[in-house]
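Only one chain comes next, encoded as structure tokens, the form predicted on its own.
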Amino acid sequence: MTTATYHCELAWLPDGRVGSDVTVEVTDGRITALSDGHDGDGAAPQGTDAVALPGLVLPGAANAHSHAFHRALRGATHAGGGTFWAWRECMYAAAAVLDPDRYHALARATFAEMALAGFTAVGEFHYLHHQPDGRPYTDPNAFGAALVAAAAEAGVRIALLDTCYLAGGFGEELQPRQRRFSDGDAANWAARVEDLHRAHGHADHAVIGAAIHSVRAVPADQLPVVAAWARSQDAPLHVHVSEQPAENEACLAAHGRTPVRLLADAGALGPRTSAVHATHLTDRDVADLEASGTHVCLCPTTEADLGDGIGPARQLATAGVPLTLGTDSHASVDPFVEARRAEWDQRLATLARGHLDADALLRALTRDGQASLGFGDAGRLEVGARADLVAVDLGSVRTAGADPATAAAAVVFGASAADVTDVIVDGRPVVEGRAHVLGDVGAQLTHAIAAVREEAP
């Protein structure tokens, strides 16, 4: 039995209140007791060996949408302008040179960067499966196994969202550089993922989920197969949805329906499903998402970086659609930047403030984000929950001046990943005093990214 006690100067509690002098007792990775003092003097309980966590302590954030290998692209795709479709060419070049060993090193460093930022779980939308010519490795799940191992070493939980990717577009064959993404059909995909689930789905730090890359990459008659596998395992199912207007136009031309309606007709929506991006939606799309209980994962910095547009976050929230947040292409790895960008983008679109407040954004980052990845027992500071604690400095140049009444808003709208001082994941210290247990994460990123860029055409 492993036990520990933490004393939080301030803590954001499930009712949205910031409590003072909160003591959290942890046994075997779970919160077993939580007491809230009200004197606010920040002193640790007398006569205990509690570990002091100064500043504001939050539950662990969930990065609900990640492509780990995209981290190698940061800063390298901005020459010449263009659109998402131009950026995609750079992405294909990076994907072409990866093997399981290179990907393991890059993902481990990328996941460690997430931990330093306060993410305790990641939803890895994984579609890089085979050798460049499409032939399986000796272990057909070598890439998936590398990602699960990378997350364990970096100290974060992973929902490995194994992605079905079968076509180059509506009615189009795969391009040669897309062959390594494909299993040929959804039945083959399901058989491979079943093996992955048997091998890794029972690890405490891992969930094996499913993903439909997009309705342009999975033919309509194959969508129900993926949805059925996710239902059979009670697993999360994620899908890129309406990321660009061109996707919607092509879907309407091919099927006479929007992507959301096509997914609804295939039985792919529901409380386990996350529609990623959902940037260009109709009113009926929003109604379908709300009626089915589907999550929507916003990735504001990627959507801005790629020029994809501003999604209807306010309309979705008003309709009761649960929102989550992801860093997607890792133009930035910072939960607070993603959160405030979601609100600020709505301000830019509407010329008004106050659409998503600090509590709503923190719920998206924590409780709802964790649940969307299959970690429904995380994202809350309460007895029985996974012991994920993230301490944020309230004395930095970005957060100075915060008090208990303003701490949550000061962090959401002012803090950065650099203000995260300590991170405990499932009761295990992963970041202490802004240092990760793996050591110099910057140096590890530098080495792993160089190994990709040196080989990329």
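Model, not experiment: these values are computed from the prediction. A residue's number is simply how far along the shown sequence it sits, counting from 1.
From this point on, the text means the form predicted together with another copy of the chain, which you will not see here.
- Annotated contacts: E124, Q175 and A287 are all free of another copy of the chain in the predicted bound form [non-hydrogen atom within 4.5 angstroms].
- Between another copy of the chain and the residues L269, A385, V207, L116, the one pair within 4.5 Å by heavy atoms in the predicted bound form involves L116.
- Per the 4.5 Å heavy atom criterion, another copy of the chain in the predicted bound form is contacted by stretch 350 to 358, the sole one of 350 to 358, 366 to 374, 141 to 149, 95 to 103.
- Another copy of the chain in the predicted bound form comes within 4.5 Å of no heavy atom belonging to A191.
- Mapping the unseen interface onto this chain, D308 counts among the residues with a heavy atom inside 4.5 Å of another copy of the chain in the predicted bound form.
- Taking the partner from the other structure, another copy of the chain in the predicted bound form has a heavy atom within 4.5 Å of a heavy atom of A443.
- Though the partner is left out of this view, S214 does not reach within 4.5 Å of another copy of the chain in the predicted bound form, counting heavy atoms only.
- Counting a residue when any of its non-hydrogen atoms is within 4.5 Å of another copy of the chain in the predicted bound form, the hits in 56 to 77 run R71, R74, G75, A76, T77.
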